[in-house]
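Same protein, same chain, two forms; see structure 1 and structure 2 below, as C-alpha cells.
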Structure 1
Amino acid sequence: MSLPAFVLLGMFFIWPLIRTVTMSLHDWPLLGVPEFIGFDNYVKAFRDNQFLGAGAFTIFYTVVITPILLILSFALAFLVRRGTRAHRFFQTIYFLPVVIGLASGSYIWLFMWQSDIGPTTLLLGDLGLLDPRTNYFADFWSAFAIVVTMVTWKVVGLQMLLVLAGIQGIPEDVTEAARIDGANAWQSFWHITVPLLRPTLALVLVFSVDGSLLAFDQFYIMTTGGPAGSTITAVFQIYRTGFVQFDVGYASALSLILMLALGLVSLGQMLLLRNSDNS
C-alpha cells in the first residue's frame, strides 16, 4: 500500500535532491561540461555580497510582515468569532483575496499603483493625499510598503481562519469558569485564550515565516527587484543565478543553503509545538 508513496517520494523529492546536491558540487554551466569543484560554491555563497544582501532583505521582509499578519489575523478572528450572519459575511469578505493567485494579486496591485493610470493613485490624487504622477515603485520604502500591504491583503484571510478554528476549539466551560472566578475580559484573554491558542499561533507563525523566506512572485512582478536591486529576495537571487546567469551549480548550492535555513525554522516549529503540548 505504501509503495506508490515511496515511488512518488523518490521521484519528486529524493532524486531531485540528489541531483541538486551533485550539481552544487560542480561548476555546472547550462551549456558545457560540468567540472567537479567540491565545496567551492558553498564557500563562494558566504562571500557573495549579492546573495548576502538578498538574504538580509529576505530576513528584513520576514521580520516586518510576520507580526503584521499574526496581529491582524488574531484581530480579525476575534471580530468574526461569534458566527452570526454579519460575522459570516465579513469572514467571507476577509477570505475572498485568498482564492486569488499570488501572481494575479501582484499584477492587480501593480496596475492599481501605476502612476497616472492606476485607480489607487488617481483616487488618492483626487483626494489630495498623493501625487498621482509619482512612480511609487521607484522608491524603496513606498514599493516595499505596497508589496507588504498586498501580501497582507492576500494572506491574512487564511490565517484568520486558522486562528478562528483555534478560538472555536476552546471549550466554553473554561472561559465561563474563569468568569465565575472573577477574571475580567483581559485576564480571560491573556491567561486562558492565548495559552490555549499557542499551537495554532505557532502554526500561523511558521506559515508566515516560511512563506516570507520563500518570497519571490510579489517582488519579481511588482518591483522586479528594484529600485537598484534593493528588493531582491533569496529565492529571486537563486532564480537570477540559475536562469539569468546560467550558473546552475552555484544556484543549486544557494538553494540547498536556503533549504537548510527552512529546515531550521521547521525544527523551531516542532520544538515550539512540543513545548506547547507539554505546558
Structure 2
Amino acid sequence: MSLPAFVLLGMFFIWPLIRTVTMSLHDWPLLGVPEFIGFDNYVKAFRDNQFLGAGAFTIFYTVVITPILLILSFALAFLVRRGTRAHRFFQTIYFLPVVIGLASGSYIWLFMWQSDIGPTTLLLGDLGLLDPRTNYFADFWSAFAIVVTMVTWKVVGLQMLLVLAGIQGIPEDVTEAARIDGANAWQSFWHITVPLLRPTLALVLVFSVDGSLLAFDQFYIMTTGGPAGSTITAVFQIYRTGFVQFDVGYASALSLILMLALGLVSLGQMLLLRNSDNS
C-alpha cells in the first residue's frame, strides 16, 4: 500500500536527486550536448562572485530575520497565551497572514510601498514622516527593510503558534510552584519557561533558518533582485543560472552546494535539539 508513495518519491525526488549529482559534473547546456567536466563546476562556483555574493546576501538575510522572528513570536505568544475568548480572537488575527501565500503577500507590499500611489507611502507622507516621491525599492536598505517586514508579518503567526503549543506543554504546577516560592513574573519566565521551551526554540529556529536560506518569491517579486543585483538570494541565482542562462549543469552544482549548506545547518539544529532533550 505504500507503493504509490514510493513511485512518486522515486520519480520526482530520488531520480532528480541522483541526476543533480551527475549533471553537476557536466557542462550541460539546456538544449545541447552534455560534456563531462568533473568538478570544474564546483571550482567555478567558489570563484564566481555572483554566486558568492548571492550566498553572502542569503546568509545576511537569515541572520537579520531569524532573531526578529524569534523575539516577536515569543512576545506575541506571551501576549495571547491564555485560552480566553479574547486571547483566541487575537491568535486568529495574528495567524491570518500565514494562510496568504508568500507571492500574494509580496504583491500587496509591493503596492503598499510604491512611490506616489502606495497607501503606506502616502500615509507616511501625510504625516510628514517620509517623502512620498521616494522609490523605496531603488535603495538597498529600504527595499531590504520592506521585505523583512513583509516576511515577518507573513510568518510570525506560525511561529507564535509553535511557541504557544510549547507553552501549553509546560505543566502548570511547575510555574505554580515557582510562584508560591516567591518568583515574580520575570523570574518565572526567565528561569522556568525559557529553559523548558528550548525544544520549541530549536523548532522555531529550524523553520525560520531553513525558510530564509531558501528565500526566493519575495525578492523575485518585490525587488527583482535589485537594486543592482544586491538582493539576489542563492535560490534566485540558481534560477538565473538554470533558467535564464540555461546552464543547467552549473545550476545543479550550485544546488548541491546549497543542499550541503542546508544539511550542515539542519545537523547543527538537531544537535541543539538533542542537547535540550538532555537538560
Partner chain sequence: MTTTLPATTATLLPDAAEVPRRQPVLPRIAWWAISICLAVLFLYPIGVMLSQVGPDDIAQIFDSSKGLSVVQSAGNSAFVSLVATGVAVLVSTLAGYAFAKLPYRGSRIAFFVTLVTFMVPFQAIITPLYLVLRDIGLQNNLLGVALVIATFNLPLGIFLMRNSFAAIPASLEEAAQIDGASAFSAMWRVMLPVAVPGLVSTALLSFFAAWNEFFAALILITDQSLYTLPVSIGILSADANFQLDFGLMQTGVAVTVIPCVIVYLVLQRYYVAGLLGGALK
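Counting starts at 1 and follows the sequence of structure 1. Source: prediction; values computed, not measured. Throughout, rigid core stands for the largest set of C-alpha atoms superposing within 1.5 Å between the two forms.
Engineer: So which is it, 1 or 2, that shows the form predicted together with its partner chain?
Structural biologist: If we ask which form is the one predicted together with its partner chain, the answer is structure 2.
Engineer: If we fit on the core, is the Cα of L262 displaced 2 Å or more between structures 1 and 2?
Structural biologist: Superposed on the core, L262 moves its C-alpha less than 2 Å between structures 1 and 2.
Engineer: When you overlay the rigid core, is the Cα of L9 off by 2 Å or more between structures 1 and 2?
Structural biologist: Yes, its C-alpha moves 2 Å or more.
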